[in-house]
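A single chain comes next, written as structure tokens; it is the form predicted alone.
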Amino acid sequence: MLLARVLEEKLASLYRAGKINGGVFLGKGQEALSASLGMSLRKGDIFAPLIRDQAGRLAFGEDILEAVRTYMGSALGPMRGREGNVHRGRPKDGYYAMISHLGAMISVVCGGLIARRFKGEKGVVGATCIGDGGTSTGAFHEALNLAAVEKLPLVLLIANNQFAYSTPNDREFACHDLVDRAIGYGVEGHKVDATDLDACLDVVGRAVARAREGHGPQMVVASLLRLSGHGEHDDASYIPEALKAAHLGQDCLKTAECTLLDRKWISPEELAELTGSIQQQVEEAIATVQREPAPDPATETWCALATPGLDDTFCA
């Protein structure tokens, strides 16, 4: 969680300085939920994160250098500087690159799980994330229905951050709570307060275990508030101050730090040392990537990254 926060704050400053092309979307306030999912999965699983899942990406095994390389367009990055920084992954390792059309990744994960089933692989879980706004798309409904009918080991995390960009919940859906939709699809639904790391680890971990044990799709609806705009281009002026001051407006990272200190699992000195070490790690990664080459159109083949014959590093 701390690494994701420090990294994203640095990326935001680089974006404001004109050093990053494309958008920068921060997961500030969503780190507990995202990290809990990445930590609950294991090697061989499928993970398809969304734009605010930097903590989950790191927990699932993404190297910080790969993240920075993608944001800064390095030719040495996993996507070779070809795309808009959030669409990164290594599909052959079960780490799927994001599709910006919201809801689409649910279908992709379902397809991956069915492929694993055809291969006879057992004990595999596929997980993906979406926001409250994305649950209103047709792709969301079609994919969740497919997952339910096929009883796929899918874990779907819905980060209800109260706004679909700037549209509040009461203009998005009429049901009392998004978790009620689980009943209509015949899937198991779970709710969690995403400002609480303990609760996220418990609920998300249980959902992953249920899917792995053969209980079919699991839908987790997490309540939280974005602690920044939709992206760095957005000032979030539409979020009421009263909501920011409410329980949902708590910073999950600060709450987790207070819990660790209260339980004496870490001392203030150790926390400061950890923070300093992470800041140094991020600065070193940035400095390394700034010295790396950008893509060269004179030598770029522009063939698909999965084309046979390419370095296996880039093959899907």
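Note that residue numbering begins at 1 and tracks the sequence as displayed. Computed from a prediction, not measured in an experiment: that's the story for all the values here.
Heads up, the form predicted in complex with another copy of the chain isn't pictured, but that's what we're talking about next.
Classify A148 as contacting or not contacting another copy of the chain in the model of the complex by the rule of any non-hydrogen atom within 4.5 angstroms, answering yes or no.
Because a heavy atom of A148 falls inside 4.5 Å of another copy of the chain in the model of the complex, the answer is yes.
Given that the partner is absent here, does D170 sit within 4.5 Å of another copy of the chain in the model of the complex, heavy atoms only?
It does: once another copy of the chain is placed as it appears in the model of the complex, D170 has a heavy atom within 4.5 Å of it.
Counting only non-hydrogen atoms and a 4.5 angstroms cut-off, does R181 reach another copy of the chain in the model of the complex?
Result yes; R181 sits at the interface with another copy of the chain in the model of the complex.
Does another copy of the chain come within 4.5 Å of any heavy atom of G123 in the model of the complex?
G123: no, not in contact with another copy of the chain in the model of the complex.
Would you point out which of 205-213, 134-142, 190-198, 241-249 contains residues with a non-hydrogen atom within 4.5 Å of another copy of the chain in the model of the complex?
Within 4.5 Å of the partner lies stretch 134-142.
Can you name the residues of 37-59 that have a non-hydrogen atom within 4.5 angstroms of another copy of the chain in the model of the complex?
Nothing in the stretch sits within 4.5 Å of the partner.
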